[in-house]
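The form predicted alone is given below as one chain in structure tokens.
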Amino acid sequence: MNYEIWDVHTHLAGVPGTTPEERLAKLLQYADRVGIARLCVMMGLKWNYDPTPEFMRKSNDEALQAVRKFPDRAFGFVYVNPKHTQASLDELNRCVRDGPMVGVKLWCALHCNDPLLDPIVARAAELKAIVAQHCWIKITGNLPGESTPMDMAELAARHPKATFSCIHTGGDWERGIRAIRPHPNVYADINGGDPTAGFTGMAVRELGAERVLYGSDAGYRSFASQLAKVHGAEIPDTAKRLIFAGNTKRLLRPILNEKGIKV
């Protein structure tokens, strides 16, 4: 069975190449082998848990450089740090309002239920940009500032008009899925972690296929291992089509229409 596939979560880090363009070209080469049509790219050549405004801008410049080279294959998400509210808003406006990016990437700088995220999320909602928040529940303990799906649920409840991608769905996905279940504006991103059986099936059962997104976390994870979570799931073909591309296309369509991009 052939599927159209859009990957909602990839990185330039962990991929061979010395420039952003070279790394995205290599990532697309790998994507072509497994039939992935489009990639959402987050962050630049290096990563930082608690980026300064200068680091954010450099990281976003690198991502912009890459996606502008391949506008028909890749979309960008702006990387921000809510500890630097005005700098984050400036980057959001520069890269999304005035640039080609279509989403917001939040990582480990601050728990996402912190009120400092409110102006960033409100602005993202105004711009119709998806807010992608890294979430884990680690048995060894989370990093300082690292969010859980429970934190994500609190943020989503405060911003019902915003659209959220719960990146990794907490890793401990049985708990993560149930934490976000009451909030229809939160989507389960199944990327990252090992390709364990049951993740995608539970997400579809508990949330509905319309709230599950395929992502890989490449180049930290392989495309193949993450594709297996959907290909191997005991769910209808119609659900697989939604997860692989249909849901991501639907969520991105409003902002792409604003930018005059037809998909």
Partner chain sequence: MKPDQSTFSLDRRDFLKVAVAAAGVASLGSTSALQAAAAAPSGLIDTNVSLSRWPLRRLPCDDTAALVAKLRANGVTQAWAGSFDGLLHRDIATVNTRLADECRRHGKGLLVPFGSVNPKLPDWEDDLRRCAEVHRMPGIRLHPGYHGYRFDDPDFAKLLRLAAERGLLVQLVWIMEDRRMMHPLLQVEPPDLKPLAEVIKKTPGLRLEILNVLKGLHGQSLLSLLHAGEVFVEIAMLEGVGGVAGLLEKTPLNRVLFGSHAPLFYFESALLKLKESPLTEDQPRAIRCDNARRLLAKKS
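Numbering follows the first chain given and starts at 1. As the structure is a computational prediction, the values presented were derived from the model and not from experiment.
The next section is about a form of this same protein that is not shown, the form predicted together with its partner chain.
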| item | value |
| --- | --- |
| Trp107, heavy atom within 4.5 angstroms of its partner chain in the predicted bound form | no |
| Non-hydrogen atom contact Glu54 with its partner chain in the predicted bound form at 4.5 angstroms | no |
| Non-hydrogen atom contact Thr200 with its partner chain in the predicted bound form at 4.5 angstroms | yes |
| Residue contact check: Lys138 to its partner chain in the predicted bound form, 4.5 Å heavy atom | yes |
| Interface segment, criterion being heavy atoms within 4.5 Å of its partner chain in the predicted bound form, picked from 150-158, 119-127, 81-89, 169-177 | 169-177 |
| Heavy atom within 4.5 Å of its partner chain in the predicted bound form - residue from Leu45, Ala233, Leu207, Leu64 | Ala233 |
| Within 13-47, the residues that have a heavy atom no more than 4.5 Å from its partner chain in the predicted bound form | Gly14, Val15, Leu27, Gln29, Tyr30, Asp32, Arg33, Val34, Gly35 |
